[in-house]
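The same protein chain appears twice below, in two forms, each given on its own as structure tokens and labelled structure 1 and structure 2.
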Structure 1
């Protein structure tokens, strides 16, 4: 029938309209910002840098390997590696980003930086209320603006964050076991005991 699609569309609109007076599920419009839909775990917007502990500088996971900078399709990430090193979460000295900037006006939220990061240092946030009056400085985020705690990561992506923490804990335990094995004495080494002096030897 000619126009069948239009008729079906109007019927669905009418069903939702009249049904909204009796069923809240039919209210498809959310009165934002007074009402907000809950964020789903798989949502993503712009990247952020994860840090462990209370100090964002000391606990930053990023080691400035620059893989995300090289793989970023729109080239919105700028990283400058530090000249010195600092201990990471495992106690191993690592480089850190002296500069880590992301131009969110260019970022396309593709998540490639997250997928290529071998240290689980960069993740995708779900915050979307990011309007600013400054179209230049307000959209160029430095490492302090990008840094968010591991607790924040657990709040927005609990399942993914739990898996990441488990993998990092296993890696730390592996390194600790390797260090203990390196410092332990050989199993086949005979205990060093000095023979008591005999009477003839003392004479």
Structure 2
């Protein structure tokens, strides 16, 4: 009979209408600023540079190898290698980025920089409230803006960060063992290896 389908449809919408008052699960809306969804651990948004310890300049893991700059599909990373070297977290003298810019208005959050980085220096952040009135400068992030501590990394991606720290620690242990085997351990190398360990402890 004509109208049966329409009546069935009306019943369905009525069910949803009343259901939305009684079953919270029916209302999918998350009222954003007040309510937030639980953070999904694998989520990614824009890259940041990881540093160990307390000082972002001292502990920056990036050694300006420029692999991510080359591999970045939309070419939003700009790196200028430093002229001099300075000791990294392990105390080994390394180059560091004199300039490290990411234009997040160009970045497409693909995570390829993270995948290709051999030093675990660049990771994906989850912060998405980044609107700014200045669409030029405000979205062109320099290395200070990009630097986030390892603790932050542990906070947003705990499983991944723990794995990274474990791998780094193992590698350093191997290096240290090699160094010990080669010659007597120098006295000044010891304190710097402890930096990631403390970071891990805090996380």
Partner chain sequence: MTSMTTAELERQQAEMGFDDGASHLLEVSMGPQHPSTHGVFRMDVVLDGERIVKLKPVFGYLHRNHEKIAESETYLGSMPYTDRLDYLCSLTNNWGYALAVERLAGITVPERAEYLRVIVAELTRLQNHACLIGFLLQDMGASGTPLMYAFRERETILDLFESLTGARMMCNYLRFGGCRVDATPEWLRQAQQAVEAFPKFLDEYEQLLTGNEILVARTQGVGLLPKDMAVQAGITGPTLRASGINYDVRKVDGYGIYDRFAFRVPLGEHGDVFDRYMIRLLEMRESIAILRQALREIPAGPVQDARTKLRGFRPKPGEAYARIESPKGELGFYLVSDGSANPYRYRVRPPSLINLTVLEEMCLGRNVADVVVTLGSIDIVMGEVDR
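Please read these numbers as outputs of a predicted model, since none were measured by experiment. Residue numbers count along the first chain shown, from 1. Think of the rigid core as the biggest set of C-alphas that the two forms share within 1.5 Å after superposition.
Novice: Pick one: which structure is the form predicted in complex with its partner chain?
Specialist: Only structure 2 matches the form predicted in complex with its partner chain.
Novice: For residue 42, state whether the C-alpha moves by 2 Å or more between the two structures after rigid core superposition.
Specialist: Comparing the forms between the two structures, which are aligned on their rigid core, residue 42 does not shift its C-alpha by 2 Å or more.
Novice: Return yes or no for residue 26: a CA shift of at least 2 Å between the two structures, with the rigid core superposed?
Specialist: Yes, because once the rigid core is superposed, the C-alpha of residue 26 moves 2 Å or more between the two structures.
Novice: What does the CA of residue 8 shift by between the two structures after fitting on the core? Give it in Å to one decimal.
Specialist: The shift comes out to 9.4 Å.
Novice: Would you mind giving the Cα movement of residue 17 between the two structures in Å, after fitting on the rigid core?
Specialist: After core superposition, the C-alpha of residue 17 moves 3.9 Å between the two structures.
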